[in-house]
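Only one chain comes next, encoded as structure tokens, the form predicted alone.
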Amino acid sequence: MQTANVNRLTPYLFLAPAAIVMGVALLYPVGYMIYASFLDWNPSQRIGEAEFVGLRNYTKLLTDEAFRESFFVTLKFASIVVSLEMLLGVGLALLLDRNIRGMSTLRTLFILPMMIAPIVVGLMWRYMYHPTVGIFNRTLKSWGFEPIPWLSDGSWAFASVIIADVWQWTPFIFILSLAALQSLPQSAMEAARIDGANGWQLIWFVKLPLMMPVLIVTLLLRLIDAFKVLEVILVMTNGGPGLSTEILSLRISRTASEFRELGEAAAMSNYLLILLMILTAAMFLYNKAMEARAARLRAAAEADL
């Protein structure tokens, strides 16, 4: 009996040192940030010299109009870019999931944008949006249209950063969606074809439900990333004009570096962390339901064959 218990515990004992190191490395910075959010702390002080102010940073942010505007801009930006990227990425994966000549080259070309550093992406799009020498306004001028204030008008600037983000990160959705498509069980496809399903019915009732667990994880990863995007918007617009493109990560960076309010910046980060934790929990619960549905579909397909 004792030997059986030792054998059962042995793998955990070997894993324990690495798990402890990883746990400390992951949790210590989070704990440090939570502690800092209760302080009136600026970069000229050591953290031990900062005044403890309790929840003052959190309550102050609730009445801070600039913070609320940044929070709203972040929600709008993340929801729009992730929706567009999911639609385009999954659509492209469904379109290119076939064996035709040159398809592997085409797939490689599609994933090039996500390999470029965000700073370079921001600079590249900023020059393309330039009011006089940028390619977009030069093209519009050659066609006889008025130039567009891509980055100097609030609405156009917001649309411009969305276009840049969609261009860079749609390939991420495409890659994961294509991998999910190519790993689907062929038995489910065969069963649907035998039942007379056409192409759209095959996609809507078989492929997408079976892909859903992967798509939900993909959606979650992109949502987390979209809430934290910084470099591209910093380079393209620096949050302007006004506050039209000032997302929360940019506001946090500015509060810490320009306004020198480290405690307040930590409190903003914690608000963002709480929001992402709620989204993650909701996605995992939904993903569990989708995995059960996909398992039922596979079982039904195997029973039909």
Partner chain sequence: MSAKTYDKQNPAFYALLVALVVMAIGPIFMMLTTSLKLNVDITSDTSSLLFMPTLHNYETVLCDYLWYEAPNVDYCDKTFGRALVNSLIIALISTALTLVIGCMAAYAIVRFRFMGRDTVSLTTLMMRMVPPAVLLVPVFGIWTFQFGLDGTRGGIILVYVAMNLPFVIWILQSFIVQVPIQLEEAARMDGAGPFQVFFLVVLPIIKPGLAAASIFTFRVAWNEFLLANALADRNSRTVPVTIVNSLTEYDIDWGVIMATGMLLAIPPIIFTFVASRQIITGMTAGAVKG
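Quick caveat: nothing in here was measured; it's all calculated off a predicted structure. Residue numbers count along the first chain shown, from 1. By rigid core we mean the largest C-alpha set that fits within 1.5 Å across both forms.
Not on display, but discussed next: the form predicted together with its partner chain.
### Task
May I ask you to state whether I80 is within 4.5 Å of its partner chain in the predicted complex, using heavy atom distances?
Answer no; every heavy atom of I80 is more than 4.5 Å from its partner chain in the predicted complex.
### Message
Check A117 for me: does it contact its partner chain in the predicted complex (non-hydrogen atoms, 4.5 angstroms)?
### Response
Output for A117 is yes: heavy atoms within 4.5 Å of its partner chain.
### Query
Would F52 count as a contact of its partner chain in the predicted complex, using a 4.5 angstroms cut-off between non-hydrogen atoms?
Outside the cut-off, so no.
### Query
Given that the partner is absent here, does T59 sit within 4.5 Å of its partner chain in the predicted complex, heavy atoms only?
Because no heavy atom of T59 falls inside 4.5 Å of its partner chain in the predicted complex, the answer is no.
### Message
Could you pull out the residues of 90 to 119 that have any heavy atom within 4.5 Å of its partner chain in the predicted complex?
### Response
L92, L95, L96, R98, N99, I100, R101, L106, R107, T108, L109, F110, I111, L112, P113, M114, M115, I116, A117, P118, I119, in sequence order.
### Query
Does M103 show a Cα shift reaching 2 Å between this form and the one not shown after rigid-core superposition?
After core superposition, the C-alpha of M103 moves 2 Å or more between this form and the one not shown.
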